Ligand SMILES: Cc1cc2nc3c(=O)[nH]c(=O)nc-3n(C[C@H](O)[C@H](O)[C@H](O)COP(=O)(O)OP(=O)(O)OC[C@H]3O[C@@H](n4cnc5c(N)ncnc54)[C@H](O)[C@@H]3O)c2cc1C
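Just the one chain here, laid out as structure tokens, in the form predicted alone.
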């Protein structure tokens, strides 16, 4: 027996950062919003837990900056890199910003803050698994799903469906948009550790032999703990037949530098894996009666692997476009195209730059040369710091002129 629910203005599938941001912003505008998620919150989410400064704009829209800053997290004040050769370079972010350029906050905490905020403005169904979309006359007009606790099946109608259900999005899959392109996709593993020596308020990105074109990371958390993991482009994993778990443990147990740092460390829980669809491939994310946001729209940064900032940014742009669609009472693909156009105008250049940086990161010689130069040259470290902290300046990192100047530094 399938129950037909009352209609909503908007159904948002997925309560992560992108979905919760979309639901809250639309609910604040007076829309009748239903937010559904298969999990019960708070819930863990396998991730690097890095929250970039890009998320700050949307947190301010949501009025959540103070709440996040009062929650357990670690501020990020710089980046420490190491080259395949073993050169270590620490880069502080420019002091003139006067505030951290991001946070490391467990998704168990961060996502729940956003989700609980969305509950203030939207109806929420937890433990509801979406199994299909409803289409009529060429439009998406709702979703079908099941309440996991009761087994009750239900159909929900809406004028707009927002797919915010992650890398394995049911909404994107049912629309034929969830393509796995190995060269624009990443496999990653992470584990939590306590007792690692040498932690600072820097995130650590280590380009190590055996992992290039991926990297090994250590991201500091509150209470002296850390998020530790590895990631590599899926096409390279397959080409080289890499066992990511073994590669990660080899770094921790056999690499001379990390073996020493981890000698008194203890793993908290298990190693967990997840998939990252990169924004180096522009997935169609709109159509008649639907939008895709966050990982469902393939918006993860191809270089850093961070997805929260772009997910929340896409949620903000989705809410703005949906509001205009309601003003016009028109939910067709032509009207909703404004979402993709405005979103990519905001993040497209950054994603292209990150994709080119990812490709440069495959060059072992270049990594050794640049990081070797930076280790010896304070001016170069300050230059790199400014480039990383400033989105516009970051494009200089892929300019041939930048590398030409390095010859004389």
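Positions refer to the first chain, counted from 1. Please read all numbers here as calculations on a predicted model, not as lab measurements.
Beyond what is shown, the protein has a form predicted together with this ligand; the following relates to that form.
*Asks:* I'd like to know if residue 32 sits close to this ligand in the model of the complex, meaning any non-hydrogen atom pair within 4.5 angstroms.
*Replies:* Heavy-atom contact with this ligand at 4.5 Å: absent for residue 32.
*Asks:* Taking any heavy atom pair closer than or equal to 4.5 Å as contact, tell me whether residue 315 reaches this ligand in the model of the complex.
*Replies:* Flag for residue 315 set to no.
*Asks:* Is the gap between residue 130 and this ligand in the model of the complex 4.5 Å or less for some heavy atom pair?
*Replies:* Taking the distances in the model of the complex, the answer for residue 130 is yes, it comes within 4.5 Å of this ligand.
*Asks:* How about residue 24 - does it come within 4.5 Å of this ligand in the model of the complex, if we only consider non-hydrogen atoms?
*Replies:* Close contact is absent here: in the model of the complex, residue 24 is far from this ligand, nothing within 4.5 Å, heavy atoms only.
*Asks:* Of 368, 46, 383, 353, which one comes within 4.5 Å of this ligand in the model of the complex, counting heavy atoms only?
*Replies:* That would be 46.
*Asks:* Using heavy atoms only and a 4.5 Å cut-off, determine which of 139, 274, 262, 326 is in contact with this ligand in the model of the complex.
*Replies:* In short, 274.
*Asks:* Of the listed stretches (116-124, 315-323, 75-83, 294-302), which one has a non-hydrogen atom within 4.5 Å of this ligand in the model of the complex?
*Replies:* The contacting stretch is 294-302.
*Asks:* Which residues, if any, of 168-185 lie within 4.5 Å of this ligand in the model of the complex when only heavy atoms count?
*Replies:* Result: 170 alone.
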